[in-house]
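Have a look below at one chain only, the form predicted alone, in structure tokens format.
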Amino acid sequence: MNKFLVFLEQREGIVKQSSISAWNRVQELAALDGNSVVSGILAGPVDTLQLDGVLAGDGVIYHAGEDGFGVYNQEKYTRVVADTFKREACTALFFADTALSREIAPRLSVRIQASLLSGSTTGKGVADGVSRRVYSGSFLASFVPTRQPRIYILSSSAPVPAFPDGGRIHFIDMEPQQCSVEDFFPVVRNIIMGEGPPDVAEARIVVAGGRGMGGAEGFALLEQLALLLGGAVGASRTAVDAGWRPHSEQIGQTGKTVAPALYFACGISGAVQHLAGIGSAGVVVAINSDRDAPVFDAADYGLVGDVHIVLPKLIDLLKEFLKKQ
């Protein structure tokens, strides 16, 4: 029997949506395999009631809920995940594709001597490997693990719906971890992120801009639209390289892969590197003054026009619509 372990990532006590989607995706893979069970590992003080009805299938989640896990610590997280993986005799470990997982997964690969693959799972079972875009999205390559056990970083994809009424999940509180000299990393400063728009990788709606926005001031229109829609602002590499937006908002091959239900591409030409980052988006709406821009080939809806003229009209119409609701 295969035993899959899913890492559930939290920030400020909130489990990330990408991790919930990864759990549900692994449950789907286990159901297809027919001979697998799914467990989870959650580190940090979290109110587990937030997960009621959103996690599919059956399984056990091991919760290391002590305060010491509230803030990510590379060594402590690596140790608790590796110890759980070995103790429960797991055969595969799964992460959602986040900045944290890209840092901790290679360390775990060395710690537990596992194959490490990232991408979307292929075939009917995880043993068939993963596929991902290479050469700026021009080709789809397949990768197969060469040894046991295995670690997978699952690329962002459209959220997998939970089973009706969620699953039958049992939480097991783990014993407090023993302190060691490796834990004494001094905290110089705690920076708490205030309330604001959702992370571009987590948002259900993303309003992204590129070179066509003309400058940093042009993104004020995108911020207005994102605020009205309850979404997040994203940017192309060109806009980030120009210093108009932070790298945390960059979407594409060298940025974040996103899977929103609705994606606006405003003033983005549609380079293959950017399109590789939105391949799992639901509905794509493109606004560009160049009718031959490649982004229109990837869009479900396209509007040829100047974003500085189109967006204010769209914002006004949306405000009028929301007033009537």
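Quick note: we count residues from 1 along the sequence shown, nothing fancier. What you are looking at is a predicted structure, and each value in this text was computed from that prediction instead of being measured.
The discussion below concerns the form predicted in complex with a small molecule, not included here.
*Asks:* Considering the small molecule in the model of the complex, find the one stretch among 68-76, 97-105, 221-229, 243-251 with heavy atoms no farther than 4.5 Å from it.
*Replies:* Heavy-atom contact with the partner occurs in 243-251.
*Asks:* Using 4.5 Å between non-hydrogen atoms, is L42 touching the small molecule in the model of the complex?
*Replies:* No.
*Asks:* Taking 4.5 angstroms as the cut-off for heavy atoms, does I287 touch the small molecule in the model of the complex?
*Replies:* It does: once the small molecule is placed as it appears in the model of the complex, I287 has a heavy atom within 4.5 Å of it.
*Asks:* With the partner left out of view, is S36 within 4.5 angstroms of the small molecule in the model of the complex by any non-hydrogen atom?
*Replies:* So S36 does not count as contacting the small molecule.
*Asks:* Does any heavy atom of P312 come within 4.5 Å of a heavy atom of the small molecule in the model of the complex?
*Replies:* No, P312 is distant from the partner.
*Asks:* Going by heavy atom distances of 4.5 angstroms or less, which of A293, V46, V54, L262 would be at the interface with the small molecule in the model of the complex?
*Replies:* Selected residue: A293.
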